[in-house]
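Only one chain is given next, in structure tokens, and it is the form predicted alone.
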Amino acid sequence: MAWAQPVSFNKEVLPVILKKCATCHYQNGYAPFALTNYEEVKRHTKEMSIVIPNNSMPPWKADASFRDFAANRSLSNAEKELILSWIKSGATQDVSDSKITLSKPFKPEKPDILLKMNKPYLLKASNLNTYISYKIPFELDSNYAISGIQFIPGSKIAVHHASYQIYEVADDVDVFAGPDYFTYKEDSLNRVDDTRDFNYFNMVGESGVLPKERYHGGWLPGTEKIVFPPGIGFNLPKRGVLIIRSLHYSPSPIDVYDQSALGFYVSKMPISRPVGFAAFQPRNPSPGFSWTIAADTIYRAHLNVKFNNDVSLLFINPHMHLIGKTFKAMAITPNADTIPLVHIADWDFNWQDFYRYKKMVKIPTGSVLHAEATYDNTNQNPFNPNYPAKSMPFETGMNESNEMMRLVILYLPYLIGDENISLE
């Protein structure tokens, strides 16, 4: 496509960049630099002229031809040509642009409530992955209805992913008593152990009443703020504990301090529909069975889960490790109809997401959730951590030296009309 007229930065280019790039590239955001006004964009046109044509930026792995999602960051061919034409023509800001106010610095909405790690965690320089579980106690002035949540990594270079849960505790629990964290000494498939964790973090009082989970979520590279429609979300209790159950730090060549946080966005109306969380994995075919992905092979795994109730899907998150290649999930209804859910044709461990549907997706009772994943354990895979390739355990640990398959959904019990509710 040839652009006959000069491209206006403020009228044409900046709106695209604010929508597709600035969600990560803003001051103090997850990305290494900001792209929110003319000066910032101009400074990085050389990099943009490389990463836009090769599709490495903006990062978006979900195949829109299978199922498109809200907040799709990928650039259309027309948007690519628009930006590249502006760069080729000199990346200027014409006189008329100076009268437009779009180039004011982009400022993301600040959370209403911020819960932060009590003390920075020191990740010592090493060639090892580190996993910790961190307790963040809180006591607020009241209960709050929450319609949005955002994990805020304290260290952009160290934090790789996190799983977190919010608990309400009994009145006789001193939420501030007990240690801040523990480090997982060895890798384990079943990291979450309620009995161990609740006792270690002093979350059970003399009454013996167990904590009640109010929300379960996660964050991975690429995940933005999670937001819900009016009346949907969760209730943040007045007193409770936030546990970052599996906080994964990538190997770092230098000492790094991390003080991650979670931001909460208060709803203007009560929460009448609390969001549910479910995580699925392949089933062991027999007790004690151990999977192995043999060296020099393309391995395929699958999972099947039957739904016993009508549900409405809001978000979906596929997860694998380094040698993952493709991931496809769909629901097969009792009438043999296929509902496409997500397809990752070119997996990238460094760019994952909690994909938000444009509208809620109804899964009827009796449907089977079917997911397929492939893994490339050959020498030809540049992401293979082993060279030469060697056999790799599957579904026996969370460490990147192993492989795994997970499919996470955020959902609601279905109500008539859910499929018409926009999540944009």
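Note that the structure is predicted; figures quoted are calculated from it, not measured. The term rigid core refers to the maximal set of C-alpha atoms that superpose within 1.5 Å between the two forms. All residue numbers are counted from 1 along the displayed sequence.
FYI, the form predicted together with a small molecule isn't displayed, but the following is about it.
Novice: Looking in the predicted bound form, is the small molecule within 4.5 Å of a heavy atom from each of Thr23, Ala31 and Val51?
Specialist: Every listed residue reaches the small molecule in the predicted bound form, so yes.
Novice: Taking 4.5 angstroms as the heavy atom distance cut-off, pick the stretch from 293 to 301, 256 to 264, 216 to 224, 272 to 280 that is near the small molecule in the predicted bound form.
Specialist: Result of the contact check: 216 to 224.
Novice: For Ala62, is any heavy atom within 4.5 Å of the small molecule in the predicted bound form, or not?
Specialist: No.
Novice: Hey, in the predicted bound form, is Glu47 touching the small molecule, heavy atoms inside 4.5 Å?
Specialist: Contact check for Glu47: yes, within 4.5 Å of the small molecule in the predicted bound form.
Novice: State yes or no: in the predicted bound form, is some non-hydrogen atom of His319 no more than 4.5 angstroms from a non-hydrogen atom of the small molecule?
Specialist: Outside the cut-off, so no.
Novice: Please run the contact check for Phe138 against the small molecule in the predicted bound form: heavy atoms, 4.5 angstroms, yes or no?
Specialist: Phe138 lies outside the contact set for the small molecule.
Novice: Heavy atom within 4.5 Å of the small molecule in the predicted bound form: which of Leu75, Leu242, Ala162, Ala158?
Specialist: None of the others qualify; the residue that does is Leu75.
Novice: Note which of Trp351, Tyr181, Phe307, Phe198 lies within 4.5 Å of the small molecule in the predicted bound form, where distance is taken over heavy atoms; exactly one does.
Specialist: Exactly one listed residue reaches within 4.5 Å, namely Trp351.
Novice: Quick check on Val41: with the core superposed, does its CA move 2 angstroms or more between the shown form and the other one?
Specialist: Indeed, Val41 is displaced by 2 Å or more.
Novice: Quick one: once the rigid core is lined up, does Gly29 have its C-alpha move by 2 Å or more between the shown form and the other one?
Specialist: True for Gly29: a C-alpha shift of 2 Å or more.
Novice: State yes or no: after fitting on the rigid core, is the Cα displacement of Pro382 between the shown form and the other one at least 2 Å?
Specialist: The answer is no, as the C-alpha of Pro382 shifts between the shown form and the other one by less than 2 Å after core alignment.
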